[in-house]
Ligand SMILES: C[S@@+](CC[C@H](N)C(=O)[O-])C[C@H]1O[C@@H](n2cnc3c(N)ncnc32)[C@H](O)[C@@H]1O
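Here we start with a single chain on its own, the form predicted alone, put down as structure tokens.
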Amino acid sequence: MSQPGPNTPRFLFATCHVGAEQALINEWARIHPGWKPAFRRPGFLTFKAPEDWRPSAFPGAIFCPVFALSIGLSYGGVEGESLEELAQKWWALAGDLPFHRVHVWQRETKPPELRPDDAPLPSQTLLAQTARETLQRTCPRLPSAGQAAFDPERPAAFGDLVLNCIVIEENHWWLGYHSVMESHSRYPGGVFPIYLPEHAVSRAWLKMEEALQWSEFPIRAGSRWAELGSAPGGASQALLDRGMYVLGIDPAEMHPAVLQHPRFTHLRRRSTQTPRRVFRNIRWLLSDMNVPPNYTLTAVESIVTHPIVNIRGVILMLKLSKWSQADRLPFWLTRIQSWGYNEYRVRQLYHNRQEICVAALQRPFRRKRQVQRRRF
């Protein structure tokens, strides 16, 4: 561990969903005792480090908590009457920090349930666009990537050092700093550039596509999935769009566009009423049921632990009826690990609402027994 230099900040910043601030504060206090919340706005927080904290030798190498969309070293905010004044103060605050990319985005201002599905991404709002254009025009020293260093849809490379400009208000910007260590941190605000296609039958398409990009599961086209609680079919569509075979299990009706897809099969049953033999050739399982987490975990556990079922990986959307349920997360993860999944990731996705996503994988994959491969 290196000793902090004279310009090393004693604060971290984090962005999150509006409404998730206290869950993030509680999570940070549980994992990193001694840190104190400092500056706070809806969707944006900073934390002050304890006196004995030392930053790592790799600047800004901080892994993201579950309820943080993005996180990094915090160098403070600047205020100004004009864009040019803001940019000059921001670049002056950045000083001689080395960087490869500049990420600019606006903090969240509304809870996710009030955000329209076609709302611009945080990096594409009008305030974010004007801030980015001004910083790009006034940049005192371009990195090796040149003007492309400001492109919000061009992913940063792993290991890149990134300057973060978070637009707090129209006349208030914040300077953050991170190194790219996780897939979502390659994009401004930790948000993948995903847009709802016209053919999608529900916003679950967005959640599933984001979960697939974030989880980085080793999935090939032609893989066989089962989805518990599949109606009306948005998440199944995201899998079908990637060339998967999908078994949708739900007593409710599926959208005709999904039902008629040649790689989709619908079982109009509850998961508890579904014979386990239908999962024999399934290797991946998705659950996005609108039920309490314990119900979801019980339903999934009864499938993945069955002697004739060999599920390699699961993606679970766990609904939180109240934010205080987040304190149960360590127990839920322990339960999932007991099923034989030795790798897992957990995060509140940008397209999640009051829920979290758990992606768990068995590596190396070991089947309980050899079974004949066949189509369902």
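All of these numbers come straight from a predicted model, not from anything done at the bench. One-based numbering along the sequence shown.
Keep in mind the form predicted in complex with the named molecule is missing from the figure; the text below concerns it.
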{"item": "Check all three, Gly234, Ser271 and Tyr295, heavy atom within 4.5 Å of the named molecule in the predicted complex", "value": "yes"}
{"item": "Contact flag, Ala252 vs the named molecule in the predicted complex, heavy atom cut 4.5 Å", "value": "yes"}
{"item": "Partner contact for Ala119 in the predicted complex: the named molecule, 4.5 angstroms, heavy atom", "value": "no"}
{"item": "Asn290 within 4.5 Å of the named molecule in the predicted complex, heavy atoms", "value": "yes"}
{"item": "In the predicted complex, Lys319 touching the named molecule (heavy atom, 4.5 Å)", "value": "yes"}
{"item": "Heavy atom contact within 4.5 Å of the named molecule in the predicted complex, the stretch among 142-150, 282-290, 157-165, 218-226", "value": "282-290"}
{"item": "Listed residue that, although the named molecule is not shown, lies within 4.5 Å of it in the predicted complex (heavy atoms), from Ser202, Ser179, Thr125, Thr134", "value": "Ser202"}
{"item": "In the predicted complex: members of 136-173 within 4.5 Å of the named molecule, any heavy atom", "value": "none"}
